[in-house]
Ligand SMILES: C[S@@+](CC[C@H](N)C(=O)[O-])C[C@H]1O[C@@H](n2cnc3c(N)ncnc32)[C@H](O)[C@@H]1O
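Presented below, as structure tokens, is a lone chain in the form predicted on its own.
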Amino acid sequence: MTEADFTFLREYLKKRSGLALGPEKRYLVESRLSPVCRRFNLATLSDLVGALRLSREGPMEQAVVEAMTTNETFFFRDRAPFDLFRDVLLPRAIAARASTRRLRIWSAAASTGQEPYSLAMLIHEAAAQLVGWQVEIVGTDLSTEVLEKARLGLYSHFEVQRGLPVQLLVKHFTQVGEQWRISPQLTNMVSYRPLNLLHPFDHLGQFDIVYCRNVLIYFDAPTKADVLERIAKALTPDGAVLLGAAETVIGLTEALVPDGQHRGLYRQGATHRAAAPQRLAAGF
């Protein structure tokens, strides 16, 4: 791969996925895109670059972007954000939404579904407090391939061993050969939609709780700021956003501010709330 090809691919991926690759990522690009070349019968990465220069959006373009995105995930990943949901966010939501009995949650990097299904399990555990409620979990991801796996709800033994307590495995999964299928009761709680965070997402509506973890670390500062500001607009005035442990809004935007009591938790900034007086807070 020539330096010109590498430069083109870096710019191409940043424009289409927000992925900001440094010069040291050349080997990563080569290793991940070589299988794409074989899939589309292209001899070299230079041939792939040539094809990308000539073609419009299609299967090859999608394959290139999906090959470069990281889909590392597992059930109850990093545990603390899920303890926070169970112990703080869900009880607050139940109190604040008692009149409407409606709760919307967005997993903005759903990958193969472990994060939204982990949240669904915690909601199921609180079912007695949510009788008559409409609870919706929306999972989105850039990759259509991983979303298809998420919809199937079928996981290997290795995948269910990573982070999933055995009592929840027994309760919510059925063994199918060497794999485990999550119960329809949980899959019915989650809807999946393909979404590129670089593109508008106001059509998704507003959410009370947003999980956007371990995504912003791949973006440059202006892209992070843009995504965060649009997430703030998608948030109910009293809602909450959870970012990854290595992510922050500080120095990027004032549309979201740290909660102050819980690490990794953010809410709308005062300036952003003042710009939308028509929306009334309910006490999160």
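Everything quoted here is computed from the prediction, not taken from an experiment. The first residue of the sequence shown is number 1, and the count goes up from there.
Keep in mind that the form predicted in complex with the named molecule is not shown, yet the notes after this line are about it.
For the named molecule in the predicted complex, the listed stretch (212-220, 252-260, 231-239, 47-55) containing residues with heavy atoms inside 4.5 Å is 212-220. At least one heavy atom of residue 115 is located within 4.5 Å of the named molecule in the predicted complex. Though the partner is left out of this view, residue 195 does reach within 4.5 Å of the named molecule in the predicted complex, counting heavy atoms only. Within 4.5 Å of any heavy atom of the named molecule in the predicted complex lies no heavy atom of residue 208.
Residue 134 falls outside the set of residues with a heavy atom inside 4.5 Å of the named molecule in the predicted complex. Among the residues 104, 97, 149, 77, the one placing a heavy atom within 4.5 Å of the named molecule in the predicted complex is 77.
Taking a 4.5 Å heavy atom cutoff to the named molecule in the predicted complex, the contact residue among 119, 182, 93, 109 is 109. Shown here without the named molecule, the chain has 141, 142, 143, 146 in 131-153 lying with a heavy atom within 4.5 Å of that partner in the predicted complex.
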